[in-house]
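Next comes just one chain, in structure tokens: the form predicted on its own.
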């Protein structure tokens, strides 16, 4: 009997220990480029950033002194930086909830058969094709209080309303930034949910109809549980993307009025580059990284619990 044909203790083919170690080593070799890229592009810069956050590094001189937690105290005592933190969390939570609430029913509608379905799907997906920076510039003109503002012109022609400076008031500017992000993101996430919907076996709905279940009951007991993995993926992408947002608020409002729509990423760039305060910018980056890690971890735990409860 050949040695390779002997079954092991678990019923599988027996492999010599040396050959198994060689296979494990070969498999680990494929991970080495990924580990190297992670260390070079993430671990080393993160360690450097943490070191600079404890010094008076300006970004232009290598002559630095250790200052302890002074930069962190500066971050939490600066109102503009705190407003950036508050708006960033507000933006991430609001866009995650609103896009999820709108995208799931939209995907259910787009999954049904009707005339022009493919064209409608393409139109919704097209909204997510242009970059957020371009959309911010376009919506800046649409919301302009001048004669070229589409929204004010439409309201004036329909209701005789006076022009409103949508982006010049704190509350309306925040609402506009969030709604534009929702408008741009709904199509892409509806497409994601549509892919999960098309993987649901049709016989589940046929059996439910035979049992007398209505549309709402089918949605509650079949569609929503089957979409649970998609909800976890979508909300994870929305939350992580919302916490890192920069391009849309910057092009739409430049972080204004005042610091109403300022974001953490914009503060990091302004402090670290424009104002030559790399020490404070590094402290912001460390706080931002820790906050993102905690929020995403909490979001994953909650999403997994929701997924198990729906399954």
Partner chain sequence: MTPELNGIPVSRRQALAGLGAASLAGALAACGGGANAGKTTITYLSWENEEVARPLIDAFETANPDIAIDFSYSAPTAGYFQTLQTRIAGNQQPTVHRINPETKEKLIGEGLVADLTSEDFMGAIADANLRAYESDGKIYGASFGAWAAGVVYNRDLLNRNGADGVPQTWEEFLGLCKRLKTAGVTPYRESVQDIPSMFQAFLGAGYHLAGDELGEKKIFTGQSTFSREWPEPMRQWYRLYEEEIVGPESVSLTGTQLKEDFMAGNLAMFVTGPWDLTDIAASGLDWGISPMPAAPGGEPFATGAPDPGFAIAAAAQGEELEAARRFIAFLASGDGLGLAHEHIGTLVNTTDYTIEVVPEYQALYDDYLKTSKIYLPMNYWDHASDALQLEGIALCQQLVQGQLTVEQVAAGMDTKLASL
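Positions refer to the first chain, counted from 1. Keep in mind that this is a model prediction, so the values were computed, not measured.
Keep in mind that the form predicted in complex with the partner chain is not shown, yet the notes after this line are about it.
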Quick check on residue 109: any heavy atom within 4.5 Å of the partner chain in the predicted complex?
no
Counting only non-hydrogen atoms and a 4.5 angstroms cut-off, does residue 159 reach the partner chain in the predicted complex?
no
Contact between residue 60 and the partner chain in the predicted complex at 4.5 Å, heavy atoms?
yes
State yes or no: in the predicted complex, is some non-hydrogen atom of residue 145 no more than 4.5 angstroms from a non-hydrogen atom of the partner chain?
yes
Within 4.5 angstroms, counting heavy atoms, which one of the listed stretches 90-98, 207-215, 191-199, 164-172 is next to the partner chain in the predicted complex?
164-172
Between the options 27, 68, 258, 33, which residue brings a heavy atom to within 4.5 Å of the partner chain in the predicted complex?
258
One residue of 270, 264, 248, 54 in contact with the partner chain, assessed in the predicted complex (non-hydrogen atom, 4.5 angstroms)
270
Any residue of 115-144 that, in the predicted complex, places a heavy atom within 4.5 Å of the partner chain:
140, 141, 144
